[in-house]
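Single chain ahead, written as structure tokens, the form predicted on its own.
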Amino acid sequence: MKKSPTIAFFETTADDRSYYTAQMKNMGDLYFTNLAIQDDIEVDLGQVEILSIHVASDLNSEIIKRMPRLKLIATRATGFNNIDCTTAKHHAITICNVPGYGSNVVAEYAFMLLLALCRKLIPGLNQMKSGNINHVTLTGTDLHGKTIGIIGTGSIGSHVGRIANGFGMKVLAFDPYPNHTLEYDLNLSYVSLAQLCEDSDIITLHAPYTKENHHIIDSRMLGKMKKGAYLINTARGELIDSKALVAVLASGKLAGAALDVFEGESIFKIDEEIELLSGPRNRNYDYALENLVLEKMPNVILSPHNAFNSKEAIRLVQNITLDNIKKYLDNGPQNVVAI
């Protein structure tokens, strides 16, 4: 690239580029790439004043320091654990996110995964393809009358509660900042994390990832879960200790797990796996092994961080991100992440 951009977008699709190009005329020199920021080794970041990224970009301190003019990071996601917020704060960089865009799309996806697990959809499809159908092995579980435990009751977790009510489920929730109006609106009961794990037939995670809730579902909490329970994660992979999850699934205690996110997510790119083979063994090597085991388990569903991905949700993300940038340029920033 010959000219340094003032506004740079990473991890973009053709639709992103078309949308932002049309909407941001005369707002600055625009740069677009489908690559994550750490993978684009040719771009000159020195003149970037506004940066927009998605979840695959690892915006670490080294990369931030390559952008001395950076004033705004507009992440096109709700979570921001892939941004070094400490370094951003030190350099007086504002971070804006897209809160709440996935309240329905992620909640619906979580229930799609749950239903697929409980009704053994994937084994059933595989049996149809093979022609060897055995209904005894496809006996599923009803959701009606079951207890669902929701970890995190923001906009997504709240919508999960609404859907659960439609299925006739009992709803428990854990949140360090409970929204007590939900207790009446959704017939929901807040409990401790330990009690939620002990009493729930299904546990679904909808919390942001922070240092405080790293491995919030660890071996101790997994040990408290009911025999035959299901675990769903469409939030962040680091919320679950994947090594401990492998162990409890292998023991037969849990009936199944469905993960749209997982630790070491980036290693599912083939080039990352090749790099692991040629380099020294590190934590990513363990993640790769754990995820390989999970992928082979018949009662586990892995999906490619796709819960957010609907036409309606993508357009909403684009609109909110554009508005975040415009409001910042007008000296009235919105959706600012507290760091």
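All of these numbers come straight from a predicted model, not from anything done at the bench. Start at 1 with the first residue shown and count on from there.
The next section is about a form of this same protein that is not shown, the form predicted together with a small molecule.
- Heavy atoms within 4.5 Å of the small molecule in the predicted bound form are found in exactly one of 248-256, 124-132, 72-80, 163-171, that being 72-80.
- Not displayed here, the small molecule is kept clear of Glu263 by more than 4.5 Å at the level of heavy atoms in the predicted bound form.
- In the predicted bound form, Leu231 stays away from the small molecule, with no heavy atom inside 4.5 Å.
- Of the heavy atoms in Gly152, some are within 4.5 Å of the small molecule in the predicted bound form.
- When contacts are judged by a 4.5 Å heavy atom cut-off, Tyr177 counts as touching the small molecule in the predicted bound form.
- None of Ala88, Ala207, Leu143, Ile202 but one reaches within 4.5 angstroms of the small molecule in the predicted bound form through a heavy atom, and that residue is Ala207.
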